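Okay, here we've got a single chain as structure tokens, the form predicted alone, with questions on binding and movement later.
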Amino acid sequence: MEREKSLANCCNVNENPCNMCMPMGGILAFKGLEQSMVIIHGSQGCATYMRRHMAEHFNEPVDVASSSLNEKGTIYGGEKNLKQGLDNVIKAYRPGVVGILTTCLAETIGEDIDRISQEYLKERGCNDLPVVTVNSPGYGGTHTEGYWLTLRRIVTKLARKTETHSKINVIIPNISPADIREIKRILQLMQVEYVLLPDFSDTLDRPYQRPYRKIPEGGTKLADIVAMGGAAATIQFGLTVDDSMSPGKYLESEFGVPLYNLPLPMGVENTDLFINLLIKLTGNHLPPAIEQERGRLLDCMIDSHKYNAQGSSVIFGEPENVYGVVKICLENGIYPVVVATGSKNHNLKQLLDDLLVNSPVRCTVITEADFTTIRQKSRGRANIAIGSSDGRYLTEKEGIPLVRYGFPIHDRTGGQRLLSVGYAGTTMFLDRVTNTLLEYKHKHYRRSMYQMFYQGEQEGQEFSAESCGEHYVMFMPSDVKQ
């Protein structure tokens, strides 16, 4: 009773959230377009924070402009700042397309970026320049929602009804440039004509070259996006994406392009779904190279299953990526005990309901999660964590080793080169996980054996009552393994 009274005045807060703000995802999407430049309508600090975050992950210079809203602009409106910022962007970069994203400040004072951008193009006589506006206040969602909403806005703005052609639209979530290159390689091996959106495999992981280019080469061509309305089909790796933010759903409803919504091709079953769909849509045969990669993945699973059976995982990150990792873990006996995302994503929860129904281990699923809660729920239960480097405190404070996957990775180099999709990528991902489990075992097993058999100590601690977000506990009613 006293405990309940002491918590009566507590509120549900988010401490060290498991996500970043909405415009961050929008920038990622725009960086996948050819000759694109982004301007953030808000304070200069917002653009600086996002530039630094992306530059440290991709180890590339990342240019993001800002309208530099200050106190005066906040009170009297930021229209003048935004127009001046667009002048500077066009003069300095000569972009082929401009993306305008808003921040909390611009949205709170009610800036109408659609009207301002249209007026600007009319005043400057540059109506041919595509400008895509996205309302993306930080309180409107996470970087995941910002990413998908921006893709939807890009397609809505640029795609047109064209003559039907044989290309297949491939729309991807936020994955590493190495993963994007792997998906492109698979498509090429399968002899598929495609339009991949967004393609930041080169723009955010460019080779060293001189002279330096302000806007790197690469990205999805605007002409290809225009033609997406006439494609034979759309493959969207977006099972968890709400229809209101789905570019594939827009292409289907507006232009009648059939939508195939698939999970990210991570693990055997999910990659099989992707490959089998390509065979079905194109009529092409499975190339021997891909068949061999699948065989090597199966061999890898056989090699590592005796180690992975000891794994209990905590998985966190963006919903689509989290779902892919959970799938790999379950295929290899690494039962998740905590699955978390910073998004308020009920699609993920429903998908996990089906996926975890036969898991012998109790699993807590947390949406709108923060790392304080993830740590509390993982304490004494998990022996491996999989997610971005923002989860490094799971290692520092709880002793749970972290396999870095997703965005951002700030405390290691090479985050942009981590390969995790397809049969070959899954094999490399599984090796990283298995070797981390082995390292953890060899580092701790003598001490844990001593404590268990000579000191009589049991693992596990009481959880704190502090929490955030929505929690769902999933487990089989019998034969529960703690």
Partner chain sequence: MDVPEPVLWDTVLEERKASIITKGKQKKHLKCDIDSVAGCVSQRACVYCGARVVLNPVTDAIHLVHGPIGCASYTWDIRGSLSSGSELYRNSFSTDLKEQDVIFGGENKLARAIDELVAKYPAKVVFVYATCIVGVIGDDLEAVCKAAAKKHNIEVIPVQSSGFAGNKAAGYRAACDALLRLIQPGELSSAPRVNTINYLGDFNLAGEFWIIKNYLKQVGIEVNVAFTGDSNYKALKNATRASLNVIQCAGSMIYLAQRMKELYQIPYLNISFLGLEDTATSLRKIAAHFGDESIMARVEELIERETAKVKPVLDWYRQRLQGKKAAIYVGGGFKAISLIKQFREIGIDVVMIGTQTGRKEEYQTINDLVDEGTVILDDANPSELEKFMLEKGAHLLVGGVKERPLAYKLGIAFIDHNHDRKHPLSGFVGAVNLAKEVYSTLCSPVWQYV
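These numbers come from a predicted model, not from an experiment. Numbering follows the first chain given and starts at 1.
The protein also exists as the form predicted in complex with the partner chain; that form is not presented, and the subsequent description refers to it.
No member of the trio G238, P287 and V357 reaches the partner chain in the predicted bound form with any non-hydrogen atom inside 4.5 Å.
Judged by heavy atoms within 4.5 Å of the partner chain in the predicted bound form, the contact stretch among the candidates 245-253, 279-287, 390-398, 177-185 is 390-398. Checked against the partner chain in the predicted bound form, the candidates E331, E368, E293, D224 yield a single residue with a heavy atom inside 4.5 Å, and that residue is E368. Only one of Q84, Q310, Q191, T156 comes within 4.5 Å of the partner chain in the predicted bound form through a heavy atom, and that residue is Q84. Contact annotation: R206 falls within 4.5 Å of the partner chain in the predicted bound form, judged by heavy atom distances. Remark: Y440 does not count among the residues lining the partner chain in the predicted bound form, judged by a heavy atom distance of 4.5 Å or less. For the chain shown alone, A55 is a contact residue for the partner chain in the predicted bound form, at least one non-hydrogen atom being within 4.5 angstroms. The shortest heavy atom separation between G138 and the partner chain in the predicted bound form is within 4.5 Å. Contacts between 74-95 and the partner chain, taken as any heavy atom within 4.5 Å in the predicted bound form, involve T74, N81, Q84, G85, N88, V89, I90, K91, A92, Y93, R94, P95.
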